[in-house]
Structures are given as C-alpha cells and as structure tokens.
Ligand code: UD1
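The chain below stands alone and is given in structure tokens; this is the form predicted alone.
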Amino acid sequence: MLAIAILAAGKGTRMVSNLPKVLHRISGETLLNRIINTSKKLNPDKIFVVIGHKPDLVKKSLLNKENVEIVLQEPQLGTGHAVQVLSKKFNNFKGNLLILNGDVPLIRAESLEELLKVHSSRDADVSLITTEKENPFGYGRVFKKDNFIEKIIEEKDCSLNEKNNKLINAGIYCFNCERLIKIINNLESNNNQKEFYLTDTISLLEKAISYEIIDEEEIQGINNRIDLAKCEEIIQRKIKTRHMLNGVTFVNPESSSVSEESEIGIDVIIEANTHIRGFSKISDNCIIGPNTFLENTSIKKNTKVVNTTIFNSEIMDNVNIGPYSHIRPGSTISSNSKVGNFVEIKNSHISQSVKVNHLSYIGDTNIGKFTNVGAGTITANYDGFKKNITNIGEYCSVGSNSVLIAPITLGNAVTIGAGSVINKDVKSDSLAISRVKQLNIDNWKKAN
C-alpha cells in the first residue's frame, strides 16, 4: 500500500505575502495543486495534506479534490512535528509513506516512481531523493558512508566545512511506515530553530538510502519570489521546447508563456508577448500575436489574432481578429468572419462571413451570416436590471454609429441608416432610420 503526505503548513515568510506559500502559482496552477496532481499519477491509496498557516484559505483551494484528506498541524513546529501529527492516521497501515514538500513543485511522477522502486528493492527503512547542486545554499546537506546515508544537516546548522558538501536533500522521502511510526516521537528539537526536523529520523533508522537524480531543476524549491520566477522559467522553457519540436514557431520565446494544458497545432506562429492560458487549443496554420492573451479559448485553422484579448470563447477557421479587440466569455466567432480594431464582443454568436470592423460593442447578440456591422455600432443590452438579447438576421447592413436597444430583433436583409437609434423590431427586407431632423441656422455667428 502507498500513502502520500504533502507538507503544506509553512507560512513562507520569505515570500513576503498574505497568501500561504503553497497557494502561489506557476504556469497558472498553485504549487499545492501541482503536487497533488503529480501524486495522483502514482495511484496512492490515500493522499494527506498537512496544513497550518491560514488553514481556511488552503482548505478552500482543495474543495474539489477527491481522495485528499486534510490534517491540521497546530502549532507548526517543523517537518518532524508535522509527521508526528500525521502519524496518528497510520496505526494499522502497512506499506510505504511518500512524503513530499509543498514548495517543490517540479518533481516528476517518473522520478517518484523510481524512488519507490529503489526503496522496495533494497527493503530500506527510508529512501530519499538527492542531487549534486552547484549552488547548494539553503538546502540540507546529505552525508553518506558505505552507500548509506549517515546523516542530514540543515543549512542553518551546518559548519563552514559541512556547507562545502554539494549533495543536497530534496525533502522527498519514502518511509517504511511501520518502522517510521516506531521512532517518530523520539525526535528532539535541540537545533538552532528549536524545531523537530524530519531529517533527524535518518539517525534513528537502520537503513537509509538515496536515489540521486541528475536533473536538479526537478527539485528546485521555492523560498522566495526569485525561486518562484525560476520555477516558472524552467517549466515555460520545457513547455515551449516541446511545442517547437512539434512544429510550432515562437518568434520570441522568452516573451511568451503557454500553460501546460494548452494544445497547439503545426505551423502555428506565436508572435512576441503572447500568452496562452488554461485549456486553450490552437489549430494548424494560425498566427497568434503579437501582444495577445488567450485563456480557455479554442481557435480553429488558418486564423489570425493580433493585439487581442480573448477569454473562454470559440473562434472558427479563417477568422481575422484585431488589432485591439476584446472577446469576452461565451462568444463564438464563426468561419470567415472579421473582428476589427477596438471591437468588444461579449456572450455573442457571430455567424460566418460577418464583419464587425471598427469601434463597436456587441453584447448578448446573435448575428446572422454575411452581415456587416458599421463602425461605432452599440448593442445596448442592459436596462439596469437584466441583460437583454439582440438578434440580427442574415445579410443585414447596420450603419455606422447606430444604437440597437435590446431586446430587439432585426430580420434578414435589413438596412439600418447610419446614426440611428433603433428600439423596435424590424421586419426582413426593410430599411430603418431613426434620426432627429437636421436644422441649419444661417448666419449663426452674426446673430450671436
């Protein structure tokens, strides 16, 4: 049997934040959720999350996580104390306990699987992940003798000579749970921090071994915002490298970001300063950017999006959007349509071959195919109490600077005269004009 415990009780003082450290994000996902998602790939019998600092915030972030049990550590007296609190859950548990740190978010499931294999094959009391780190500052140092771990000394407790050791502890352990329970309450807090260190279990157990990984980036810990940015850089580099090897061009990779969940087809060009978030999907032969933000958005083939922000929407093939457009949630832009500069579209369905070229607001609206919306057109969808629907038929021509006051329906092949305010339905094949009569006063300056 396998149980996994994620230690997430710390405050993270060096983050200088009102958020618990584990709720900070990389690639759009909290550190804690990243580790939980990795843990689930191992198919454990149980996942425990040990929380402490601002527990209500951490609990709220875990509301929809299945097979996750929360354990409160109060007060927070170190990693050893966290496992002492947790140990009450393991009175009859026979198996292995994998312990992960909530601030080591890049560890791969494959590496954890190797740790479990090594642990089982050598029947170890405890096995832990180590690596040689060129700059080991901030990490506990691992001291070995005859291929067994003799001791681990935390950075703050190391002598000057001990700090020269570059073999570091990643804070990832696999324990034989029954053997751990027997000694966990024997830990002492006779160190500079007056805390109970989990690393002190090494000297209390007979057989402690290590699994050393080569890629030190996997165990990059997060103590401050600099480390957070470093992890973001690592994960973005790996994501973009994968996409480039699969046929995507990044014009300036360093200026762009892509979420892990996003899908990008071949021969897509991602221009500079473009950011793709959430579960976005971009099909083949698209040009995205520069200066574009997409979140949870689907874009079909041969579409061009420039200087535009799009949230939770669907863009079909052969569409041109931008520059300076804003597509808000719930919108669909159908094939061969054009959305031009300074246009905002919200919760609307735009049928195929529609043009909304300039300076317009289209909200809660359905527009039929081959309709042209003139510059400065506004759908007045809010009456102060609710959002109302505008329906515009096929082959319509809406004149510039028109206002359509919802709820309203325009039939097919309707023409709206420029500068009109329309508040009544218009039948198909009709012309609608609503203007105040122009008044010219001669010699106005002389009269005044």
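Residue positions are given as counts along the sequence shown, with the first one as 1. Just so it is clear, the model here is predicted, and its values are computed rather than measured.
Unshown form predicted together with the ligand; subsequent notes refer to it.
- Residues within 4.5 angstroms of the ligand in the predicted complex, judged by any non-hydrogen atom, belong to 148 to 156 and to none of the other stretches in 148 to 156, 367 to 375, 245 to 253, 290 to 298.
- A residue is said to contact a partner when one of its heavy atoms sits within 4.5 Å of a partner heavy atom; residue 173 meets this definition for the ligand in the predicted complex.
- In the predicted complex, the ligand lies farther than 4.5 Å from every heavy atom of residue 348.
- In the predicted complex, at least one heavy atom of residue 82 sits within 4.5 Å of the ligand.
- None of the heavy atoms of residue 90 is located within 4.5 Å of the ligand in the predicted complex.
- Listed residues 319, 184, 104, 235 were compared with the ligand in the predicted complex; 104 is the one with a heavy atom within 4.5 Å.
- Proximity to the ligand in the predicted complex, taken as a non-hydrogen atom within 4.5 angstroms, holds for one residue of 169, 337, 331, 127, which is 169.
- Annotation for 66 to 82: interface residues with the ligand in the predicted complex are 73, 76, 77, 78, 79, 82 [heavy atom within 4.5 Å].
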